[in-house]
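Next up: a single chain in structure tokens, the form predicted alone.
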Amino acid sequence: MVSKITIKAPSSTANLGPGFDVFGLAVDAFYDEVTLTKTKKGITIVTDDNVPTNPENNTAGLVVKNMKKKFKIKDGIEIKIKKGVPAGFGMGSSAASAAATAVAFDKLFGLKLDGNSLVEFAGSGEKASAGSVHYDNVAASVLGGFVIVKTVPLDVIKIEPPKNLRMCVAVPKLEVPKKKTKVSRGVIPKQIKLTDSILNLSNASAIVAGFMKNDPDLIGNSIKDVIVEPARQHMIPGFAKVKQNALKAGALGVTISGAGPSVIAFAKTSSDLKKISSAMSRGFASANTKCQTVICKPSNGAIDRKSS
């Protein structure tokens, strides 16, 4: 039996505009790495990064606690976390750690869990950072590719993304509030107009069709959200300009990545990706905000580091 395993899991973007809490896409912009080692007793967290080391308040710690309890595992576990996904920027940082941990635990103890079970355990870790369980980011990080999350009961549908789909992500250098996910969920309207719901539903359906048909143009052109994006954009300085600039530079569609403040532009291999990225940087600069831009593509899910 193995006594130690290292898994790396990708960053992800959730919502993709109109698919709030339902769509997720794994992207190869950043990765988290988690090493689980069997010990005599308890759960300990080792990290050089700025994350909680109390297992109760740590995404990975909660996943291990829940999985140990569920499968009546007596061994102790040391969790070593190496963060590559920037925390609090809408790139699924806590989800990447949770996904890597669930997959590592499964392999360490030979549980052979199915995808839905792994997503469910990884999702339970999200409580530590988001205050509630939601599966869009973790599903993408665990399984890779484009995911549609059906709940009650949980059933994740994975679709392989088009090979020529590309994304430009602009990560602004901003101070992010401590409970950012909670804050950004708090601004979403409680009541919406039926016409807005229909518009978002039609765009979300077209995005799914775009992934099914391997059509980046259909995906990008359908990334339009008239409910959540308008409610959240005030939290991102220069958002309107970033979006406008990216579309002018040839992006197919632009939206907030997850709960933000990162902004993601969808394009394809034939697009001028550097031009789109620098246009997004200029958009943030117009609001006196610096940003890091990353050109990325869809990623596989969490994997054993040796297999990478």
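Keep in mind that what you see is a predicted model, and the values were worked out from it rather than measured. A residue's number is simply how far along the shown sequence it sits, counting from 1.
There is another form of the same protein, the form predicted together with L-homoserine (HSE); it is not shown, and what comes next is about it.
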Based on heavy atom distances of at most 4.5 Å to L-homoserine (HSE) in the predicted bound form, which listed stretch, 34-42, 258-266, 276-284, 57-65, is the contact stretch? 258-266
Any chance K158 has a heavy atom within 4.5 Å of L-homoserine (HSE) in the predicted bound form? no
Answer with yes or no whether L25 is in contact with L-homoserine (HSE) in the predicted bound form, where contact means some heavy atom within 4.5 Å. no
Looking in the predicted bound form, any heavy atom of N15 within 4.5 Å of L-homoserine (HSE)? yes
Please check if N137 has a heavy atom lying within 4.5 Å of any heavy atom of L-homoserine (HSE) in the predicted bound form. yes
Partner contacts for 182-197, taking L-homoserine (HSE) in the predicted bound form and a 4.5 Å heavy atom cut-off: R185
